[in-house]
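Take a look at this one chain, the form predicted on its own, written out in structure tokens.
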């Protein structure tokens, strides 16, 4: 299985000011790692730093199976790491299936046409996210939540070792969000490294194997959900409001919500 290793990784919008720093962790295929923290804590910047976005500066290192990610060219990185931004553009004039087929670009030579295999993979990806019925609909005519599913399908069709997702459950109702996290867990079981930012920390027990907690641009804690969530008053301090944390039963869902301290 693939392995993504961070060593004192930091990223920001200027060389001297890092929006997020101190990230040291090892995550492997077979697990889902959630990046949590309040708005402005550096969650999105962390993912952009991994992908070496233009205008993003980074320090430290991220390696994928001993290969430095920052040294990969754009084509190599796209062939090994897929990224779904928080607000992906909605391409005008394309159907859902045409949008999903964009995810096959890293596996094709320049200007080559879609193959039957590409189309099969794209249709399978739409089916995996429960959006097969959208295949022939134009993306500028469907809802934001439906576009979210189409863009996720495009990421899945990329067939990479690592998938990075920035708030993948945004624009999705609770039912579709739960299905999404179940899908990500299933993908991890196939050996894919899943790293996703989220505010849906109440879903941790069923969806996340590891949690990275960021606060004010610093990596504050990394580990199993129970280790991070049950650290005394940690969530209350980070979110600046009293929080209750409960586990419904061993190995099942964690429940996290504002409430008076006990």
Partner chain sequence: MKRTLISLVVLAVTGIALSLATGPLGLNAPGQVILFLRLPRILLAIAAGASLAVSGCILQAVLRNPLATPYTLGISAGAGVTAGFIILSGISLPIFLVYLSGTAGALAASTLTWFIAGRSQRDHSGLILAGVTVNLLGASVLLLIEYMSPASRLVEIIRWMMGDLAIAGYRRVLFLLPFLVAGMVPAIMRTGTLNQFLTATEMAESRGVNTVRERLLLLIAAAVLAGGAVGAVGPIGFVGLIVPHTMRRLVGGDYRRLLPLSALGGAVLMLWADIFSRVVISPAELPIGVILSLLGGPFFLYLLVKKPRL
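This one's a predicted model, so the numbers in the text were calculated from it and none came from an experiment. Numbering follows the first chain given and starts at 1.
Note that the form predicted in complex with the partner chain isn't included here; everything after this is about it.
Although the partner is absent from the chain shown here, 84, 93 and 103 each have a heavy atom within 4.5 Å of the partner chain in the predicted complex. Although the partner is absent here, residue 78 is a contact residue: one of its heavy atoms lies within 4.5 angstroms of the partner chain in the predicted complex. For the chain shown alone, residue 51 is a contact residue for the partner chain in the predicted complex, at least one non-hydrogen atom being within 4.5 angstroms. The partner chain is not shown here, and in the predicted complex it never comes within 4.5 Å of any heavy atom of residue 128. Under a 4.5 angstroms non-hydrogen atom cutoff, the partner chain in the predicted complex lacks residue 177 among its neighbouring residues.
Screening 128-136, 183-191, 169-177, 84-92 for residues having heavy atoms within 4.5 Å of the partner chain in the predicted complex returns a single hit, 84-92. For the residues 143, 119, 112, 71, the 4.5 Å heavy atom test against the partner chain in the predicted complex is passed only by 112.
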